[in-house]
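Presented as structure tokens, the chain that follows is alone, the form predicted on its own.
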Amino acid sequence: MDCVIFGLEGDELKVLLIQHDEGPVEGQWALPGDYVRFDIDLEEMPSIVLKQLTGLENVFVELFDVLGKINRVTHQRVITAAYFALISTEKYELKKGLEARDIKWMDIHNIPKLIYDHNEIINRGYEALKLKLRREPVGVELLPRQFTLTQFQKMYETILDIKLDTRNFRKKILKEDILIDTNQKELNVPYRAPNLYTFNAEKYDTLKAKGYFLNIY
């Protein structure tokens, strides 16, 4: 089991990597992962591994692929279930686990050579994230609890690696009614304070049941 943990820092999409502290890949960088244990359900493994290696708890995770090429690991036959997780880097404090020499956020566009096929897993996870963002506003997991429309748009631009027309984007987003205006303003900013919004989970569930797909262009 391997997990691609995405985090948003400003206008950069980051991936959390660990440096192995022991074993045949000692000193090399990789995705957080582990062998699936016989006494634990597969669905429970991501949460256990993330807590042990990074200290992260209660994060959104989802299965996006299964990789099973014969030679993906040189010394034995290994099939991996690949998950991705989304977190706001401001909400969590990383804690290095016993099996990790180091843990670090790295820009999605500047990932070093990782062990085995972990670079391919990241690429597949990134494509899955971009597709899911168009179908579900899962990116709110990457934002603070309250956020501005600018932050919401920047999230889409950063993940999809595009530039959006601000007026058109906001018109479409507000029309979907998936955001709630809190009637509060952003504090301590040197410009006209924008409104703060939260995510409308009830409205989103309704849209998802109907087959949600956001046309942001």
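In case it trips you up, residue 1 is the first one in the sequence shown, and so on. What you are looking at is a predicted structure, and each value in this text was computed from that prediction instead of being measured.
One more form of this protein, predicted together with the DNA, exists but is not displayed; see below.
Though the partner is left out of this view, N195 does reach within 4.5 Å of the DNA in the model of the complex, counting heavy atoms only. Contact annotation for V189: at least one heavy atom lies within 4.5 Å of the DNA in the model of the complex. Although the partner is absent here, E43 is not a contact residue: none of its heavy atoms lies within 4.5 angstroms of the DNA in the model of the complex. Under a 4.5 angstroms non-hydrogen atom cutoff, the DNA in the model of the complex has D165 among its neighbouring residues.
Figure note: of the listed segments 30-38, 66-74, 45-53, 181-189, the one touching the DNA in the model of the complex, with heavy atoms no more than 4.5 Å away, is 181-189.
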